[in-house]
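We begin with a single chain expressed as structure tokens, specifically the form predicted on its own.
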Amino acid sequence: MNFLRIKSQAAVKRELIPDIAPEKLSAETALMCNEGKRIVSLFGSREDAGVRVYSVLADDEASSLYVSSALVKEGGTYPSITSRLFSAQLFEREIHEEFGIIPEGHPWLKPVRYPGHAADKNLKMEEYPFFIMEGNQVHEVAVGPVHAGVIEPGHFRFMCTGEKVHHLEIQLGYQHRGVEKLMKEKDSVFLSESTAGDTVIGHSLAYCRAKEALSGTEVSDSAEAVRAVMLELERAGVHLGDLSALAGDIAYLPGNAVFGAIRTMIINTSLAICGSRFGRGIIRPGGVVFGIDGDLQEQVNNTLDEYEKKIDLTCSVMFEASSVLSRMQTTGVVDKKTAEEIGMTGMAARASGYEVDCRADHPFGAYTHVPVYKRGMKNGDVFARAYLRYVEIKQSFKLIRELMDYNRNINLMADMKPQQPSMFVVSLTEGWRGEISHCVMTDKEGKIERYKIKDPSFNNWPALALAVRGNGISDFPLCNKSFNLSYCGFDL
């Protein structure tokens, strides 16, 4: 195969990446994925002679990545990968929207998010080509982009007969901020922290590890331990908030109140470490700004011990309540086969039995010393996504205790070296939603030439659309919360 084998967070010379014909890139990407690999990222980068399409694949069993590329002439075409590999569909739509090149044979080629930098400046959000069902009893229900609650904007178009949902189409793009372009212009850790506001640690860690790989800067084990502690605190805090919201959606008010209160104590632990409940300001290129000394370690461990017991008690009562089970079980099902076909990631994928986890598959930082054993469920329904959150909270607490033992609180910040010219790196981290990918290329002067981000929401929004099929439309808020996807993380 004409792919270069690399590792996550290991920079390579761009000249080593194969340059093959577009037909080969399409065929080999589809073939390798059909043999067990999966797409991590598929994106374009503009060059003088056209648009270079990069294909980045993961071999999770071997903890390896594969990358190759092909040059497509400006306004040209290439054979669609989607016709042979469905998980490529959204990536190819994004490339088409951004650069105007056409994946010939794509079964449903249309814009993804109508960004300001779309190749076709005539595109208008109000003219989005929604799928239409016909029939005397079919009716449409439109929700958003402005919602009743204080949430991000997005438009949901349901096709229903009576209460039953046959199809949901999700139109996003209202949050587009041009983050990738700004990364090239500003190259700032602050931008990475704001890529998705509820994933500050996940995205800033991917950014910093990419920068460190491009410059050959080594980070101390203590700094990596603190980073992993913060990543697990972020995961536990958001999962607790989601359990609270899920309980609220089904009117199980004890769970809504208790999980909400405990979440506050967990994110206040992040506050005690770095001064921000959301973890802003601690992870920087070269290490971490704040350490966790002996007294603070004891405080963190005591907090985990105290609230883990309350979480256990609340979950044991909640997940045995018939009123809870009747609302969660068999609602919003995504089976394993579908999860693999559409390329789901993270907790939602693992709840469907598709167990992908970067911490275990492509271990980074402290996870190379404190291994993560993947946890999963099989049913792929709302209950599975809720219960797995509980399992992952306990796993995060266990990891934090182990990481605390590993933390020596020394050499927390290394001096950053200059970025090397003409390099390529893929930086993967496992945020609370799932796999975060930052692909970065430097130019001949070592400056950022292309910065491509993939938030796990990009993989999982299609899963929500499939999950609601066959369900009552009143189940949509529950299904939606069970995924809790990011609008701005998708729009970028």
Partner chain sequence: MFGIIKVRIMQGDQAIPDVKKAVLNPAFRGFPVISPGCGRLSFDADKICPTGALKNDPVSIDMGKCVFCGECGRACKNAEIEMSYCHHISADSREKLIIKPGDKYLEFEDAAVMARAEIKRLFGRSLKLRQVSAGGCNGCEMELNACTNVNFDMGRFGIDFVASPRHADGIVITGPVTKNMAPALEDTYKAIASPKIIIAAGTCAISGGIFKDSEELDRSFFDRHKVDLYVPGCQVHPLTFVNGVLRFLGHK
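Given the structure is predicted, the values throughout are model-derived calculations rather than measurements. Numbering follows the first chain given and starts at 1.
In what follows, reference is made to the form predicted in complex with its partner chain, a form of this protein that is not presented.
- Heavy atoms of every residue among Pro254, Gly260 and Arg284 are located within 4.5 Å of its partner chain in the predicted complex.
- For the residues Tyr373, Trp108, Phe190, Phe131, the 4.5 Å heavy atom test against its partner chain in the predicted complex is passed only by Phe190.
- Taking a 4.5 Å heavy atom cutoff to its partner chain in the predicted complex, the contact residue among Met377, Leu182, Ala118, Ala360 is Leu182.
- The closest non-hydrogen atom of Pro421 lies beyond 4.5 Å of its partner chain in the predicted complex.
- The closest non-hydrogen atom of Ala196 lies within 4.5 Å of its partner chain in the predicted complex.
- In the predicted complex, its partner chain stays beyond 4.5 Å of every heavy atom belonging to Phe383.
- Among heavy atoms of Gly173, some come within 4.5 Å of its partner chain in the predicted complex.
- Residues with any non-hydrogen atom within 4.5 angstroms of its partner chain in the predicted complex fall in just one of 148 to 156, 346 to 354, 365 to 373, 328 to 336: 148 to 156.
- Counting a residue when any of its non-hydrogen atoms is within 4.5 Å of its partner chain in the predicted complex, the hits in 277 to 295 run Arg277, Phe278, Arg280, Gly281, Arg284, Val289, Phe290.
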